[in-house]
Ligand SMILES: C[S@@+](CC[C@H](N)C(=O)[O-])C[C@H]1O[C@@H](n2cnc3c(N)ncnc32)[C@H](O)[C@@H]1O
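Have a look below at one chain only, the form predicted on its own, in structure tokens format.
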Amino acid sequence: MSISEFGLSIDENSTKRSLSIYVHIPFCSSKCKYCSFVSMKATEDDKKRYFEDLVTEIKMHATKYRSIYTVSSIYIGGGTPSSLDYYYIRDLLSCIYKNFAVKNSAEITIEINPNSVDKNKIREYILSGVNRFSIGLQSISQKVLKEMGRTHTADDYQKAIATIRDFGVRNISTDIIIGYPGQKLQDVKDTLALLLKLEIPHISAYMLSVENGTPLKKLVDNGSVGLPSENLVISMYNYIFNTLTENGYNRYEFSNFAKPTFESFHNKIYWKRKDYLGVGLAAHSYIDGTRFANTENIAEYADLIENKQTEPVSISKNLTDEERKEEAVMLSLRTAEGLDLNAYKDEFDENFLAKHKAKVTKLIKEGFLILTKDNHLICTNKGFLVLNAIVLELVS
């Protein structure tokens, strides 16, 4: 089966609104120590049932949204989508294409682990419409990978990259983590050196966050492992920023670096507060100023869809004007474009600089913010490193 057999695709000149779709696949072959995402091991029967429910949920949403929207991006995340047989992904994308109008130019991403793909899976993903691969590498240090609970090697990663490129796909992203217990600056340098050698066009560098309920949190709390110093983590991040900038990458968001034309369209939807629909267990959505999220309980997810025949939403909130303002500041300042003060005034009928003049002036004088000639408020590199504190000051 190829993408041309799926069903709907549309011209780029459609006047409908644009929608991005995120699909959560909550299955993994193993659980990493730091992972706080909703993911689990499952039997084949569990997987089959989940995907049947997922198809039902997609059809439910389609009845509400397909007359209003065209789909501009699809992101299949997890969990580890590539841990499943390829036909699950094929049938999932087929369902979306048959129930929504998907732009011919839509960015379609799948998350994969280096040791859970082969030539056949990659081929089938591409035939199903995937045109972007996001690969979880995290580190090339075998010691660090083992401490994380990762099951792949650097060699697995290089083989996966070669296989993807053999099919002509160049739109590849790689995730790395910095600040993991036992990780050294040289580990980060070695990892980045490999990514540059392989000419990976999009790199996401995430600072470790120790989340409640994870095995890592327990190890940190009982003193079994120690976290790197704040100065070391900052050194790791600054090394990544400086090295990638020197090599032609643009830091278009705090953790994301891309060569020209390789920025993630789907990720930018989140930071620009555009409409996106999340389907699957624990998936989040944002549509028309309302945020809603699906249940995180897989038994409840199945019951709501199969027995109650309703969308599996557990939380829904219409944002107030103040909440929308806070989100605009928080999300915009994470990006290279920063907060567009003219757009802010158009949306909220409020002059941000006039209201926060003393705070903004102070942050500019201290070297945390810059006000550009085209009226954008952006973070300096110094500001990015204390971004949460800056946002808190500006929205309080």
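Values in this document were obtained by computation on a predicted structure and should not be read as measured data. Just count from 1 along the sequence shown to find any residue number.
From this point on, the text means the form predicted together with the ligand, which you will not see here.
Novice: In the model of the complex, is there a heavy atom of the ligand that lies within 4.5 Å of any heavy atom of T191, even though the partner is absent here?
Specialist: No, T191 is distant from the partner.
Novice: Would R150 sit within 4.5 Å of the ligand in the model of the complex, counting heavy atoms only?
Specialist: Answer yes; at least one heavy atom of R150 falls within 4.5 Å of the ligand in the model of the complex.
Novice: Given that the partner is absent here, does Y206 sit within 4.5 Å of the ligand in the model of the complex, heavy atoms only?
Specialist: Yes - in the model of the complex, heavy atoms of Y206 and the ligand come within 4.5 Å of each other.
Novice: Using heavy atoms and a 4.5 Å limit, would one call A42 a contact residue for the ligand in the model of the complex?
Specialist: Flag for A42 set to no.
Novice: With the ligand left out here, work out from 282 to 290, 92 to 100, 76 to 84, 300 to 308 which stretch has heavy atoms within 4.5 Å of it in the model of the complex.
Specialist: Heavy atoms within 4.5 Å of the ligand in the model of the complex occur in 76 to 84.
Novice: Since exactly one of E199, D175, E124, D118 fits, which has a heavy atom within 4.5 Å of the ligand in the model of the complex?
Specialist: Of the listed residues, the single hit is D175.
Novice: Going by heavy atom distances of 4.5 angstroms or less, which of A160, M236, I112, V71 would be at the interface with the ligand in the model of the complex?
Specialist: Checking each option against the ligand in the model of the complex, the one that comes within 4.5 Å is I112.
Novice: Taking the ligand as it sits in the model of the complex, which residues of 25 to 51 have a non-hydrogen atom within 4.5 Å of it? Please list them.
Specialist: Heavy-atom contacts within 4.5 Å come from Y34, C35, F37.
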